[in-house]
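Heads up, what comes next is one protein chain in two forms, each shown on its own as structure tokens, labelled structure 1 and structure 2.
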Structure 1
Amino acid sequence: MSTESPLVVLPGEAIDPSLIPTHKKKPLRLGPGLRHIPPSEIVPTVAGQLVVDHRKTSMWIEYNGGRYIPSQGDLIIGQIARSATDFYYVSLSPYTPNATLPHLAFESATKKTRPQLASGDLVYARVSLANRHMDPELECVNSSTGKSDGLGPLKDGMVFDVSLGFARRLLMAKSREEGKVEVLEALGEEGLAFETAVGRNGKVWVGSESVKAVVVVGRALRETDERGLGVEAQRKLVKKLVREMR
């Protein structure tokens, strides 16, 4: 990933136009922590490190602290709070307003076939609408293809809390090369069978037929995040945890 040197910015601070990536064909993509003020001003909404990816013509603010601020396109893990007539209210974090998830925003959903979700159930969803003046809206289906793309209810398993910055690193297309996160690959190489879903709101769901495997994966993620472990330290941690499990 091509980035500028680390630059810490504050909410409302003007960003130098020379730092904004441009491309003749690709539009600029703003990620979490940035807001566009017409016609051309871009300002941070949180304090953190400005990250610029010229290859993808995108930029965002990397931050660990504070509450999660929904951004359109984010993948999240939410918990059903309650159901209304046409949608569910979904909790994203303790300090974020509930999002809405339409009952029919699932693959092939009709009034008769839609998932029947109860309070406390978990869903893996995408933020389809996010702005300052409305509660966030979610979807569990790709609006272009009608397919779920892996989104939908999460059954069984456990959810582990991680920092917002670590969640973003896990979600990178090349998390090993760009995010310097190798812990999940290392666990798989040790023979653990599990699946994960990562939410940009700082939550990771881990599922497996083995409860021990779920606990080990969750512990490895938490320790990697909290201790700021590098790649080699992650591999050593994984070997230690797997040895203890067996």
Structure 2
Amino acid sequence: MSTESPLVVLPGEAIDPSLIPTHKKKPLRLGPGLRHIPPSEIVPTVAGQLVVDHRKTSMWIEYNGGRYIPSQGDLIIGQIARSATDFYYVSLSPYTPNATLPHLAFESATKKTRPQLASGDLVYARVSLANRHMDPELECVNSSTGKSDGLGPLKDGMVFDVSLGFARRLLMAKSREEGKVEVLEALGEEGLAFETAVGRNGKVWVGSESVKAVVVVGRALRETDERGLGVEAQRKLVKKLVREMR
């Protein structure tokens, strides 16, 4: 349940207390972009749209930053930079230090049967440790269950760069309603067969049997992101691209 008219806030702006959801029992939860200064001040730290959820008594800021800052639990697409004794160095973005991915952090990996990844390979991994004091650490397996849940090396296909905000919208559970992103579903409805992996660090991997499909999907994603298309415009774009392909 977000507010009707989007409220855009700037860093340091005071927030109208009437917007803050209150509940007798549930404590207020602050998401990314907001900071609590005791005793009762809530201050935004980034510029973006303030989103308030009354059901969960939480509030956060939706913002489209340029720099990806890893946080625990994020799914990202990284490229292997090199291999060290016990782990791989994985590059998440060109401007941050490499993250480490242990050799054995894959599903059912032992010293003898582990995936041998070369420099330049892509992996879909989850951030297991991220804080501002240390370089981030990744894992390709769910450490509690031991299953990979779709994580691991990505073969073939192509990676496209998208903005961080667009990647977040693609990863939303209800991307059609809340994220206003329908481009992937529309492409699937047109009959293209492809698979995607979205990394929170602004990368989308597209894989398919036909190279044309990969290129069409990549173009659709890029145009939607760059031009900020709405749902209807996305459908038109998809129709146009598929027609050109055929």
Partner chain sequence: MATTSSSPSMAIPGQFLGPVSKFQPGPGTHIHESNLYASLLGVVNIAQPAKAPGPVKRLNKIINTQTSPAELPTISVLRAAGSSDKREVLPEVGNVVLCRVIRIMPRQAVVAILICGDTVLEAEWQGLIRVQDVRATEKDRVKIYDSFRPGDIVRAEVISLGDQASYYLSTARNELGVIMATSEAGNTMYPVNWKEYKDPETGLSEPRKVAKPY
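We call the rigid core the largest set of C-alpha positions that still match within 1.5 Å between the two forms. Throughout, residue numbering runs from 1 along the sequence of structure 1. Keep in mind the model is a prediction, meaning the values are calculated, not measured.
In this comparison the chain labelled structure 2 is the form predicted in complex with the partner chain, and the other chain is not. With a cut-off of 2 Å and the rigid core superposed, Ser58 has a Cα displacement that reaches or exceeds the cut-off between structure 1 and structure 2.
In the core-superposed comparison between structure 1 and structure 2, the C-alpha atom of Val46 has shifted by at least 2 angstroms. For Glu232, a C-alpha deviation below 2 angstroms is recorded between structure 1 and structure 2 after rigid-core alignment.
At Glu13, the distance the Cα travels between structure 1 and structure 2 is 8.2 Å after the core is superposed.
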